[in-house]
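This document opens with one chain alone, in structure tokens, the form predicted on its own.
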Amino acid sequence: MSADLVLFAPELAQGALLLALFGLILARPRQDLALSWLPAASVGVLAASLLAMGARGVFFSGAYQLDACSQFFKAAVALGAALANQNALRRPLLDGERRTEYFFLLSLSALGFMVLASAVEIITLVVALELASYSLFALVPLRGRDPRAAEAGIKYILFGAAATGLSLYGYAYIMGTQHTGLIAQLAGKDWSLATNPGAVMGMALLLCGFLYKLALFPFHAWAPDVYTGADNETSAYLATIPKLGAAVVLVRFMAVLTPAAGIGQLLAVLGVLSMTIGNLAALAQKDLKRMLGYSGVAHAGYLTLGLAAGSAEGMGSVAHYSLVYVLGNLACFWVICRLSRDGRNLTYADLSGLHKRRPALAFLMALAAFSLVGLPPTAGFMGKLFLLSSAWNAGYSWLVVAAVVNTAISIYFYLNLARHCYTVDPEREDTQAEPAGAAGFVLAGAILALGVVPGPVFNLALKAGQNLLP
């Protein structure tokens, strides 16, 4: 097979970054200088992903596909990874000798999610998911001597192993009933619960592994505990990039299964439960990372609006909202990491009076909160509007009502972030917060730009959804 290597520019650029980091691991140079090039290299990977947006083709006997969907999600992964790398450069709770290994594993996970975006065969999907996951298994416990990190690592590994086992068991059912693992060939198969229950059961089990990464109820219990136990910079990655990997797989499968009896309705029900449980649990939290963990569970529920709709508009809305959520959540973690100079977990009280100490950080946190709750003129408003429209047009009016009610519930804890930043006096004077930095302004600009002019990016996401439907 001969293929133009330019088509694989994102994967090759990310692979080159990995080789450079591996070379540094072997060379052991001075740690304070060794990683100074990493932000520029991460931006280079993002540029390569954007240049390859138009790449199309099917390779490796149909198991690997380049299309509008895969290239959109690769660019989103590259953007998120670049911001996560920049965020983690000042990681305080990591031994200096392990810094290069940390970024190597972080970049290896990003490569796994890029491969996942193009995988269109079940075993290829599972292998790509494990490539991305095993790197994170090693990163979660790296938090000095904090026992919470060890607990978080064990939980993440055990939940991940169980989810993978369910996925492989589901794959066995699918192969036994449908006799193929290629998603394109699964599109023409019988997915009726009445006539082929084994296939539907197999698909439900297979999707468990990806619903776990999405932290959708009932696969959500690990998220707040792992976010709390891992250090701030690792939590920022865990809360964002894996969501993109899960979203692209679910989009591909739901485009094939729609209108499959049972699957869309089941996802809709799980979505309502996920929204409700996530938002209600977030109301009671004081720890910011734990609150963001439960809010991530709620946002996983919002994504089911587009998945259940099963239309091109729905699939495009899921892709678009995944990117919007990554930007909003990374912005919150960016502020947390700038404030927590010693790596400790922050509470709402740590945000009090932030506008006096670091006005740029206060603005970014408020903007991120407005986006996550879905208020104009932020990206979150347009993202939720597209999701609600796709579900309403597909006849899921009850799901839209549930999402609107849950959005109203979430206003309390999201706007509590802005309230503490601007209206609550600080309990103690703290002048140690770092400035927002260039990446902070990039996040703020992206959140506003996608809210004011959403068309260009949403059209790319919509094109990705249209490309998937048979």
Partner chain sequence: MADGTFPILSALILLPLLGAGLTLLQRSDRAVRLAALATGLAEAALSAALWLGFDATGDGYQFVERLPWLPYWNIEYALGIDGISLLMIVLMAALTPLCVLISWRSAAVRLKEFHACLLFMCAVCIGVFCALDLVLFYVFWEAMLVPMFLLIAIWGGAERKYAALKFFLYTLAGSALLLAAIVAFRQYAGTFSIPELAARDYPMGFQMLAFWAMALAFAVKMPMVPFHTWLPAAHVEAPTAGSVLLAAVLLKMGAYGFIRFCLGLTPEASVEFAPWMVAASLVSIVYGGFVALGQKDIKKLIAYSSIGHMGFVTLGIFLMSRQGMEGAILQMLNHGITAGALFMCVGLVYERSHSRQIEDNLGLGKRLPVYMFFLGLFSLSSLGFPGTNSFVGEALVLVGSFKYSVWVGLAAIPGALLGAAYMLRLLQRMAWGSPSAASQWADLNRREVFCLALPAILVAVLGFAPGPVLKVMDRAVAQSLERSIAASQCETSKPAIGADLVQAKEAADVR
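Residue numbers count along the first chain shown, from 1. All of these numbers come straight from a predicted model, not from anything done at the bench.
Another form, the form predicted together with its partner chain, is not on view; read the next lines as being about it.
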query = So which of L105, V400, V126, V115 gets a non-hydrogen atom within 4.5 Å of its partner chain in the predicted complex?
reply = V400
Options 336-344, 154-162, 185-193, 380-388; stretch whose heavy atom lies within 4.5 Å of its partner chain in the predicted complex = 380-388
key: Interface membership of L19, its partner chain in the predicted complex, 4.5 Å heavy atom rule   = no
query = Does K356 make contact with its partner chain in the predicted complex, using a 4.5 Å heavy atom cut-off?
reply = yes
request  = Give a yes or no for E121: in the predicted complex, does one of its heavy atoms lie within 4.5 Å of a heavy atom belonging to its partner chain?
outcome  = no
message = Residue-level question: is L375 within 4.5 Å of its partner chain in the predicted complex, judged on heavy atoms?
response = yes
ask   = Relative to its partner chain in the predicted complex, which residues of 6-21 have a heavy atom no more than 4.5 Å away?
value = none
